[in-house]
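Take a look at this single chain in structure tokens; it is the form predicted on its own.
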């Protein structure tokens, strides 16, 4: 068990390296590593090279850039793996983060350029500043504080395609199973409920999507000459989409998993402010906010193919289609849930319109874990001490597909899901940011965790 003297020296060492870690975070943010966009493939390669350089400076036994075969037209994204062997009798900890980022959503919409890290009011703004280059630099800051000699074995694994759903991660884990094997897996890709309250994420919702196409005519028809007895495909599609929720906003697809939660309810006004909900707009569904966000299904229409208002003309549209996305509660059967969604949409298309439903590319299993055992107890102690507040268990309404893959591949390892985001971080949104004080506390917490995990 670590003593207060060692703890104090670890904290001081972390605090000493945080400024240089933030400088390197700014350097990484400047690289637009949007792997989902082939135009940024070279940027993602540059991002991996930068991470490998930073890791290599800390004296690992090995550092390499790996990739799986990928698809027929494109290999997998570059992943960085560096290894510091375990001292005799000590466990090995795998530290995961990802260096790819989301598209910006329009550079012109940002207060400051998304790939120029900018500090304002104690936060660092930029794409990837929180998700997840902050995770990358948290790991590197900890290794830097230990001067490249951590008290346990460490394998640093920085993936390059998480924002694309980690499509080649299963192959990468199979091909390099022994290299990546660990006793504890720390995934720095989640968020905390507040900048001074640390969290261990124990549940994530799953994800499926599909495309529904509705057809009613062989070709466009004049709305004045034929309108009345003849309908249009877009209106028929809207009927089906409108059936997805009841009057309270609850998902109306029958037979889906819904779970309760013992987590305390969130303050509604704070929640509304964090998401930017307009005045008078109601929250959907019933139950506490944690139940609705973490433990119940949610459906959104992500896009519709139909003429824009500017392109509209007086014709009955022969066909229209939409992409529908559904988040799934932990415990749900992913593919069975997609079938239920498809069946519901099909049953609610009116007027005998023809329907074609195609599964989308987004499939992520929901995930939950039982956070009991020595590694979880160590994490609670380490994070509570570093943040000055007790660690809490939280869920995530979003999906992180690879977590279930790690759990399957390494069934004996304890999986800890942590991170340095907070509700104001705006992951995937405009003006993404990182609270600088929380970054320092997060690095200190992870350094304490490695100390706690010493045998």
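Positions refer to the first chain, counted from 1. Predicted model only: the values in this text are computed from it and were never measured.
Form predicted together with a small molecule: not shown, discussed below.
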Residue (of 391, 400, 66, 413) lying close to the small molecule in the predicted complex, criterion heavy atoms within 4.5 Å:
400
Quick one: from 103, 165, 87, 170, grab the residue that has a heavy atom within 4.5 Å of the small molecule in the predicted complex.
165
For the small molecule, considered in the predicted complex: do all three of 123, 385 and 444 come within 4.5 Å of it, counting heavy atoms only?
no
Please tell me whether any heavy atom belonging to residue 52 falls inside 4.5 Å of a heavy atom of the small molecule, as the geometry stands in the predicted complex.
no
For residue 26, is any heavy atom within 4.5 Å of the small molecule in the predicted complex, or not?
no
Counting only non-hydrogen atoms and a 4.5 angstroms cut-off, does residue 232 reach the small molecule in the predicted complex?
no
Hey, in the predicted complex, does residue 139 get a heavy atom within 4.5 angstroms of the small molecule?
no
Sort through 251-259, 347-355, 156-164, 371-379 and report the only stretch with a non-hydrogen atom within 4.5 Å of the small molecule in the predicted complex.
156-164
